[in-house]
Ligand SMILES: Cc1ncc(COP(=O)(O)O)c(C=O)c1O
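Heads up, the chain below is alone and in the form predicted alone; it's given as structure tokens.
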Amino acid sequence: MASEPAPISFARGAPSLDIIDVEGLRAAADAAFAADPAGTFSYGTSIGYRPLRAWIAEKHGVAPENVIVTNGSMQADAFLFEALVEPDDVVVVERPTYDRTLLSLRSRGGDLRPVALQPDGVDVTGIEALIADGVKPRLAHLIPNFQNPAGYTLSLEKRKALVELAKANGFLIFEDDPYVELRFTGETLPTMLSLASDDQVVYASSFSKTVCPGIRVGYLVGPEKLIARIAKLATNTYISPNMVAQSIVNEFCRNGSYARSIETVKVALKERAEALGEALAAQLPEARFVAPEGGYFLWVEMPDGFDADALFKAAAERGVAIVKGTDFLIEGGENAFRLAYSGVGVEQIREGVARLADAAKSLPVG
């Protein structure tokens, strides 16, 4: 009896263990525990571990009072939405966008207005058209770098245009940027936070995508009054976040391990992204995709009429996990799927795409 093929997952956006600096994290933990046991092992306050908060503030050129450090960036997102989004508030989202963001905003009763995502980022003219029709957004949620799920990056021209649009029309941009450090080709672009002259941008990022997924440390940067309001929500939710994890991250960032670790991750991601693109071109030539400049994800569109749900099932039968495009859209995406290449090596990628192509060939035509 033939054995089942080893499972290959393109589903999870997380780095594989082989590219995580385990030894560096162990050393950072030892140093953090020795240097500041009181701050590391105590409850702390809802703003997070103060030395890490200060490091983040310096990185973004703001005061510490403009920063709150949370249990992962998803917690930061949830706090921001709780603070700002009331039922029926209009929230602009990218089409497609991260599925958990859609769930969170829907749970708040937000009036979600999807705007098409293009290879150079969200269609700014689409947002302008909404405003021209009398729509008044409260918030625009944007993932500017190596977007999840598409892998696309927002151009500098569009970043500038969006900041001006937000200022002129009184809405807030939520710059959700967990993948910013993971650029492996092309030019690093300024954040919209750095381009803004007023308080029209709130910025979020995460160490879970760069240090390791299990660290669960994220943060928000924004206007002082808003950050103070969110700190009260955090206090009422958990008193303080995970101070042990934040203390380790602080040491990891300050001793140089963070920068070295990112370089290791970027080299691996570049190799994996290139292998995925080459395998898709050879095995699934009908697939349409844009090669990413960084991050974890590749968005694949098949010809109209293709059934990605059926592919999802056929791929699973062959031990391959993908994510359906419909998970990232309010409507549409039936012919699309997302592939995450961060957690699989080059040989797994080649084998996984070969199985994916076999699954696609097994589907009925038309």
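Residue positions are given as counts along the sequence shown, with the first one as 1. Model, not experiment: these values are computed from the prediction.
Just so you know, the form predicted together with the ligand exists too; it's not on screen, but the next bit is about it.
Judged against the ligand in the predicted bound form with a 4.5 angstroms heavy atom cut-off, the residues S73, Y98 and K209 are in contact without exception. Among the residues I143, I248, L80, A150, the one placing a heavy atom within 4.5 Å of the ligand in the predicted bound form is I143.
The partner is absent here; in the predicted bound form, the one residue of R272, R216, R183, K158 having a heavy atom within 4.5 Å of the ligand is R216.
Checking 239-247, 84-92, 170-178, 121-129 against the ligand in the predicted bound form, the stretch whose residues place heavy atoms within 4.5 Å of it is 170-178.
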